[in-house]
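Let's start with one chain on its own, the form predicted on its own, as structure tokens.
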Amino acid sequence: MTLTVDIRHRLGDFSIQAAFESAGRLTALFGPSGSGKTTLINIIGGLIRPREGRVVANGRTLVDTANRIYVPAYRRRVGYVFQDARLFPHLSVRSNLNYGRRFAGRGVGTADFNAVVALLDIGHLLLRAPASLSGGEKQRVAIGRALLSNPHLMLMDEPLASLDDARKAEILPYIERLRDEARVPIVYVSHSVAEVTRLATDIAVLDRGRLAAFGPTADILARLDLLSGGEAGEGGTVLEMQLREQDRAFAMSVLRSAAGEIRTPQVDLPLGSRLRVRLRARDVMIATERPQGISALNILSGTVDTLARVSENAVDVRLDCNGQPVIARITRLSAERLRLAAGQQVFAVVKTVSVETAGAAPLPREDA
């Protein structure tokens, strides 16, 4: 599954220019409002015709202006999920899903219908009207309708933006299952660090119409300079870990990786599951000696790799914890008092309650 994007376009005073190539499992378009995320996803989907460039999905050229190739939206076999579910209010859930099958040609049969219903756990909703569904249920039906069109590419434009936290928590596992099981490349628009940490395999960061950065999720979220506004404090370290123990007496899980051992609020997954965990840089403290008599349970040993001044009062400290990077944002005063320097042995300290379970999710399975 691959996605290649290389486009240049202008809409009035706004111009967009972006080029990247993704493995295609779930590529997040990330950035603040007005950065060009929706414009870019609409170009990929065929709702906007770019002035110049190429879009190739799974080896199929959708746009190539140099060779005068432009596949119209209705022929692209793209499933599109918007912020609002846009279900037909006069049709039942089953009829809404069957509407998607109308665009699949002969490629989707009863078995496929049943598989999608099972994937999204919406079998008990089939006879209900959209008006009787919760926001999360509506979005699951909208995803099912898009899947049943037998798409070659799925586009999701901030599908959780209109949902409250409870409904987001309800639907996130289904998007993960879609990413891992449907075998369809997904482009996912979001401005939420928590969402892209949990879902994305690659992230394209947009800033005022330009591609500021592109790469694997862990690499991008370590670039704290790429985050702004309300998400500025949400960046940091993404660790790939394995669930090794369940401490049910204290409702905690014990995760391990090369970086060390971390306790988190309990994660309800089988032992041995591989997980992705985010440690926000602002939640990581630095100690020059192993702390004693403190409430924080997570202490990782490492050496200082680099120190970077980011403001008048803040420094980003990048640690090497047995080959895995861990980032801490501390004050300049703290850095000077600790006399931090590259190569110094230190300890990263993280409170268990700051390792949010929303920042941990099953990693995408490897391609067969």
Partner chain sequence: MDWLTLSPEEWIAVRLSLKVALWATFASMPVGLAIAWLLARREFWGKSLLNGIIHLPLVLPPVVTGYLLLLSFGRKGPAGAFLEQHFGIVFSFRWTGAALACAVMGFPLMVRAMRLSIEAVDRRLEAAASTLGAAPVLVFLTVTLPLALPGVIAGMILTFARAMGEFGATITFVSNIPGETQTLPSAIYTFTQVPGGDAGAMRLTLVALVISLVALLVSEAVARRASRAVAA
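The term rigid core refers to the maximal set of C-alpha atoms that superpose within 1.5 Å between the two forms. Residue numbers count along the first chain shown, from 1. Note that the structure is a prediction, hence the values are computed from the model and not measured.
Form predicted in complex with the partner chain: not shown, discussed below.
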query: Segment that reaches the partner chain in the model of the complex - one of 261 to 269, 214 to 222, 128 to 136, 286 to 294, heavy atoms within 4.5 Å; finding: 128 to 136
query: Partner proximity in the model of the complex: I203 to the partner chain, non-hydrogen atom cutoff 4.5 Å; finding: no
query: Partner contact for R278 in the model of the complex: the partner chain, 4.5 angstroms, heavy atom; finding: no
query: 4.5 Å heavy atom contact, G100 and the partner chain in the model of the complex; finding: yes
query: Touches the partner chain in the model of the complex: A146 (any heavy atom, 4.5 Å); finding: yes
query: R86, R177, R256, H152 - the one with a heavy atom within 4.5 Å of the partner chain in the model of the complex; finding: R86
query: Answer option from A182, A115, A161, A73, heavy atom within 4.5 Å of the partner chain in the model of the complex; finding: A73
query: Interface residues of 60 to 82 toward the partner chain, as seen in the model of the complex [heavy atoms, 4.5 Å]; finding: A73, Y74, V78, Y80, F82
query: Rigid core superposition, A296 Cα moves 2 angstroms or more between the shown form and the other one; finding: no
query: Residue shift check between the shown form and the other one, rigid core fit, A287 Cα at least 2 Å; finding: no
query: Residue shift check between the shown form and the other one, rigid core fit, A118 Cα at least 2 Å; finding: no
